[in-house]
Each structure stands twice: as C-alpha cells, then as structure tokens.
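Take a look at this single chain in structure tokens; it is the form predicted on its own.
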C-alpha cells in the first residue's frame, strides 16, 4: 500500500547476462533502490520482440517492489528495430525452446545472486512469452511462481504445428510443474482459444497442480497492450494487472 511520505527510487539499465551455452545476451534490468530484500520477476517478451512495451512493463514491476529482468531472447539474431529483428526470427521459425530454457537458467541465477534478492523468482510472459514462461517453469523447476498471459501453443492440436525449434508442446511437461500458476486469457482469442485453455486446465487438474485461470469476456489476444488500440481492453487489463500483483505478492513475499 502506498503512502505519500514513502521513499521511492528505481534504477533501470541495459546489461549483459550469461545465457545458454555461456553466451552473453542483452537484458533490461529495473529494480528498486535500497537494501531490500526484494523478490524478482523474469519477464519473457512476446513474439513482436524485445520492445518498448516490455521495458515499460519491467519498470512497472520495479515500481511495485520487484527486481525485474527481461532478456532479449532474439539477441543472437542480430540487432536493429524490434520489428525488424522479430521479422527475421519469425522467418527462421522462432527461437529454439532449449535455447530459451538455457537463457532463462542464466537469468534466474543472476537474479538470485544479487545481494538485494530475497531468493524468490517469479516468471511472467505474454503471447509467446507466456508459452516460454510456462515451459521454463516446467522444465527447470526452480521458479517460485509463474504467470502465463495468453500464451499461444502451450497446447498444440496438430502434430504439424511442432517444429525442430519447438518439438514438444509445453502442456506435455505439466506433470513437472512445481510452483503456483496464474493464467489470464481472453474469450475472443484464437491462440490460445478457450478450447485450448480448457485442455490445459484439464491437464493441470489431472496432475493436481496449484493454479488459477481467469477468462475475460470481451477480450482477445494482447488485451494488456495499451500501445495497440485494436487489442487493448482497459477494464480487463486493469483487473488483470491487479490479479498479477496479488498473485506475486502472495507467492514471492511482497504484497503490492
């Protein structure tokens, strides 16, 4: 809860962190100033790339008391505008899942190693980043909470949708999930569709996982994106952000 006499300070900068195979990749790091200890959040950017919206979201988490890091998962594809780099990555079939998992491992290790860390790390992502957050939570097993916002292709309906870069649907790893999950989705989305979300939920129930899903009426894909007027839904986005901060507050050690 905010009070008008509290001190607020933030540091935000581009850094390089060790990722998959020992490669150093760029990451945007925002955190509160002060001694802490602070919980951490690792943000997985969406298919449009490592863009301004994601850096703004990273600072939003820092404003709420989290050390937040969003790595450039497209770093190895070269540099340019986010749109140009994302187009190249899409043309190459996306980034390999194994590489994303390796990059995430390095980022989580970095966050936990900071002297102001309280030792807890949450994962968060939208669109393809929601898929990556869930995939990493299941495969690494070292996160304290995970938030999947409309992650497409967690459930794959056709074998032909699997690729060398994405050989296994993340839902197949559900049995290995060992932390609480929050999922936010739109009824008008097609990837994931409400039917795909239902399949994912059944798998979570089958394995007795700790999760909560919320399906928003009147919302489609990307309803948090205020920079995309056709997708943005203010009422649903405000409620969704409240659910995100309540969830992380309960599981990472800070009430926002």
Partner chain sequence: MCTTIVEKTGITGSAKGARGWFSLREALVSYDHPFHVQLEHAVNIDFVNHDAGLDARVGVELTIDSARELAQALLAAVEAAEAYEGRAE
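Bear in mind the structure is a predicted one, so any value in this text is a computation, not a measurement. Residue numbers count along the first chain shown, from 1.
One more form of this protein should be noted, the form predicted in complex with the partner chain, which is absent from this view; the next part is about it.
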Looking at the partner chain in the predicted complex, is some heavy atom of each of 109, 120 and 208 within 4.5 Å of it? no
If you check in the predicted complex, is residue 63 within 4.5 Å of the partner chain, heavy atoms only? no
So, residue 179 and the partner chain: in the predicted complex, are they within 4.5 Å at any heavy atom pair? no
Indicate whether residue 214 is a 4.5 Å heavy atom neighbour of the partner chain in the predicted complex. no
Is residue 101 a contact residue for the partner chain in the predicted complex, using a 4.5 Å heavy atom cut-off? no
Only one of 171 to 179, 140 to 148, 101 to 109, 120 to 128 gets a heavy atom within 4.5 Å of the partner chain in the predicted complex; which is it? 120 to 128
Which of the residues spanning 164 to 199 lie within 4.5 Å of the partner chain in the predicted complex, based on heavy atoms? 166, 189, 190, 191
